[in-house]
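This document opens with one chain alone, in structure tokens, the form predicted on its own.
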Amino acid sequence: MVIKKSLITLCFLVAQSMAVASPDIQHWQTKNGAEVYFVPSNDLPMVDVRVVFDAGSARDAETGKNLSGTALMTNGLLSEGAAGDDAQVLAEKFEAVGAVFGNGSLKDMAWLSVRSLRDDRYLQPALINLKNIISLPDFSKGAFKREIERLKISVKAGKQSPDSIASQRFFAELYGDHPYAQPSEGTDESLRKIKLKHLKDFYKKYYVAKNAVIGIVGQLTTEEAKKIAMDLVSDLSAGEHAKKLPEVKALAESKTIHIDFPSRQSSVMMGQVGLARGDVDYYALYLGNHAFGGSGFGSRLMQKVREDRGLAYSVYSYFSPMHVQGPFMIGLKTRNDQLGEAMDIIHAELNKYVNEGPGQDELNDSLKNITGGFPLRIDSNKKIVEYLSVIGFYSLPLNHLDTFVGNINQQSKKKVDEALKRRIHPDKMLTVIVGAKNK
């Protein structure tokens, strides 16, 4: 019985050590300049492929006419018709081999992905379909008209959403004339101006090999992964990598904007310019924010605003690192008659947190929570391939996943306190409130 228990314990420890082991990342370039990041995985007979282009909405400003919505529409139209197949046929081809296709666009990046069984009977047709979507989009007039109408409806619906109104105004005020300021879905004005030619030109400029990062995870050899990567982008022109985005200007003073909206609750977004990917203060601020508003019910904001006062169902804070400085944001919803009290608490807690930093107990709890939960962030091929895309897209070190826990553990209270004082300025915060004003 003792031997059996010892064996069970040993197996558990081995399994646990394997679970926290970070993947071994291989990296190379295709002949036409695409960056490839590959992790072999024999756990499941599956293959995940994700192709990312520096073609997010921040590039809308480079169209020459600042036609916001161009990046999102271009990415959306790729899967609406390719190599003579319409959207229905493309979807049926993926479905016939049990593959899952996805695509999307954010401010920095646009991506296309596929998940397939490893067996070549299923994998190869899925990859051919993905290649056609990437390399041979039809850009049909019918698909363009449908996408324009869809986005017009989405923009109209956003005008009835306090959260959407707050988010758009927050980014517009925080980023001013920077490319991050424009809404990814476009505006009424930009959607009236966008023509099919603009999408074709955008595709030709940004969907090129040197502007691409390919992530591959699955039951493959390195040679097989190299062939997949090269085949996927072999028909793309080499092109050039998108130019570096301009730096972001920090706020010079605090600003509060209250947008009157007929609702019982007010949606609040408060923040300032935050971090770029690879920032030297990333780990200190990641840990510091976790204790302040990034850990759900374990955060100080949740305790003070919800648990102690019952002023909001949810309150949170986070950093959103991007190519250049993404925002630091605090958000909540609260009843209109409780808005003043809730904002007083948030301002007081932010000032106190920046001046004094987290308590040692808060810091210890956050360390345990972050490092203990890290294995769950890389416990599937799908999650790993997404990390590969981020590592490649933002030129992070290949050992980023290996060193993440160690870098977090190296952060002391002194380091966190100093980073908070350097980077968060409570006297220079932008606040956008959307809700009924008190009469």
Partner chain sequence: MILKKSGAVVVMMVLLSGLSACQTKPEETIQTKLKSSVSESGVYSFMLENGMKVLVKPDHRSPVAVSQVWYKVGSSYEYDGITGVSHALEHMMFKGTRNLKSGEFSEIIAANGGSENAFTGQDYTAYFQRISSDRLELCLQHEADRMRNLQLNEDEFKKEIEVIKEERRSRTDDKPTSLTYERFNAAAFINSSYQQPIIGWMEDLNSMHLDDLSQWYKTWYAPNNATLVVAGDVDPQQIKAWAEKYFGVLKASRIIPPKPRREAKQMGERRITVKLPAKVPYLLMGYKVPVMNTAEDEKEIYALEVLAGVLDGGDSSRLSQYLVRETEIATSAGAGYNPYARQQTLFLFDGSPREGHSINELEAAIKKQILVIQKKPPSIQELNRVKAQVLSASVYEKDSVFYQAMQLGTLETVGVGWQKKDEYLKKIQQVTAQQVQAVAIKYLQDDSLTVATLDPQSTSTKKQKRSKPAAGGRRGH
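Positions refer to the first chain, counted from 1. No experiment lies behind these values; they were computed from the predicted model shown.
Only in words, not in the display: the form predicted in complex with the partner chain, which the text now covers.
- A96 is the sole member of L106, A83, A96, L196 with a non-hydrogen atom lying within 4.5 angstroms of the partner chain in the predicted complex.
- Contact with the partner chain in the predicted complex, defined as a heavy atom within 4.5 Å, holds for exactly one of L151, A225, L236, M329, namely L151.
- Using a 4.5 angstroms threshold between heavy atoms, D138 stays clear of the partner chain in the predicted complex.
- In the predicted complex, the partner chain stays beyond 4.5 Å of every heavy atom belonging to T221.
- Taking the partner from the other structure, the partner chain in the predicted complex has a heavy atom within 4.5 Å of a heavy atom of L44.
- Although the partner is absent here, A87 is a contact residue: one of its heavy atoms lies within 4.5 angstroms of the partner chain in the predicted complex.
- Across the proposed site, P40, K65 and G176 without exception lack any heavy atom within 4.5 Å of the partner chain in the predicted complex.
- The partner is not drawn, yet in the predicted complex one stretch among 72 to 80, 202 to 210, 278 to 286, 320 to 328 has residues with heavy atoms inside 4.5 Å of the partner chain: 72 to 80.
- Contact annotation for 303 to 335: residues with any non-hydrogen atom within 4.5 angstroms of the partner chain in the predicted complex are R306, E307, D308, R309, G310, L311, A312, Y313, K333, T334, R335, listed in sequence order.
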